[in-house]
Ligand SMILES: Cc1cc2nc3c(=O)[nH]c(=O)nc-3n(C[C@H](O)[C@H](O)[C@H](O)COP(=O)(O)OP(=O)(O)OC[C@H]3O[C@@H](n4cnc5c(N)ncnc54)[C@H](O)[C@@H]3O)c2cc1C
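A lone chain, given as structure tokens: the form predicted alone.
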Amino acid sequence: MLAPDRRSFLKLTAAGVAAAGVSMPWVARAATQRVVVIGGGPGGATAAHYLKRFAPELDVTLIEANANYHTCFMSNEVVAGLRKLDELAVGFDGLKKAGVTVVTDLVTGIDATAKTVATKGGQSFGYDRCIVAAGIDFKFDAIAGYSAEAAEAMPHAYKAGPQTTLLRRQLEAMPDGGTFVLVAPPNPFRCPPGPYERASLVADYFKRNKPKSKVVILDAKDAFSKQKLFEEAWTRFFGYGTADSMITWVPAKQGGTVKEVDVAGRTVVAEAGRFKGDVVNLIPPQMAGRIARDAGLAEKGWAAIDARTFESKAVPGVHVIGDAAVATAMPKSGYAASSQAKAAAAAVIQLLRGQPVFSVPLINTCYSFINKDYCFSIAGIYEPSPDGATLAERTDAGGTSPLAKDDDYRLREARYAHSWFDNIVKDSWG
């Protein structure tokens, strides 16, 4: 059996497809080595998939609480009525066919001393290395009056599933001439352009169906990802910057930070005053998912890692990837999680085999829609520092879509985005 070298891994990472040639010899060991992967999102699924791809002899177990996973990427299309939620559902049959043992259960603990993972169903799984893709949780108590229960009236819809459907139904029931209030969270959070894409697609839905309605974005920040591209599109399609603009953005410096909510009154209290919405979409501040916090991996809200291997700095033998990890300059996104998963899978194999670990650049790509035919993107390449302390973005690669492009250009990007979605789903879940 052969393990990946740097060149072949770079091909796999850059293309997201199977490249073949590899060159590190594998010496058989007496006992099968075990890797447990926690979480079946794009990070965990990709890690499990590539562990078996790089090293079929490994015993790889993926533990995920849900029988199906709904991707967060493209979920704003569901909110805007451009896609059905079922179209975002992915199963785990592809991973099973690849040789991954898939367990549907909730992980309740990681014992790093005994090297075991416990589940709610009473199962225990031993590991030689563990990969945790814990995703995010919300800091509901960061905003007075908000809670997990309040989210059933003021949905966050930032984990794809029932909340996505709830927000869509609220928008459908909203009267023409109503106001949609979106509360954007402070950094860091999952999918930095996500709230602004959502505001855009909701405004497009209003333009087509409820043209007297308005979108108000209350923001805890003074700048956001792809801002110039969003504002260019908002100006063109929604009259942004005029008295009749369908979209109003209130940044932190203008009092956009929300401190309190009145759920019954559908009102949020920001530094700029009180804002009443017919629909309120409140995206709370975020932190690493529960299992990362409970296991001591995320001591300050997020999990510190070695950027070369994604091994936890707090708990040896456990690697943290995706949204839960502190990947410094690298954003929290589905594609970033997938890229990190491949790097972590390669590192885990090399560590198990006692081989030197090579570090590789990581990739992020993210598409944002204004309407079904108008899209733009951002891409970045990130290099781990020699000591693994940081991931820094390269300045000689990547970048955002250019401004002032015609409709054909934006339509091509929309088609690229949907092709990207199909490819990452196949690459991650098989």
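Because the structure is predicted, anything quoted here is derived from the model rather than measured. The first residue of the sequence shown is number 1, and the count goes up from there.
We do not show the form predicted together with the ligand, though everything after this point is about it.
- With the partner omitted from this view, the residue of Leu391, Cys375, Ile363, Ile63 that lies near the ligand in the predicted complex is Ile63 [heavy atom within 4.5 Å].
- The contact residue chosen from Ile143, Val181, Cys191, Val90 relative to the ligand in the predicted complex is Cys191, the criterion being a non-hydrogen atom within 4.5 angstroms.
- Interface residue remark: Asp105 is counted as part of the site for the ligand in the predicted complex, having a heavy atom within 4.5 Å.
- Put simply, Ile38 is close to the ligand in the predicted complex: some heavy atom of it is within 4.5 Å.
- Put simply, Ala134 is close to the ligand in the predicted complex: some heavy atom of it is within 4.5 Å.
- Contact annotation: Tyr382 falls outside 4.5 Å of the ligand in the predicted complex, judged by heavy atom distances.
- Here the chain stands alone, but in the predicted complex its contact with the ligand, taken as any heavy atom within 4.5 Å, falls in 71-79 among 261-269, 71-79, 240-248, 147-155.
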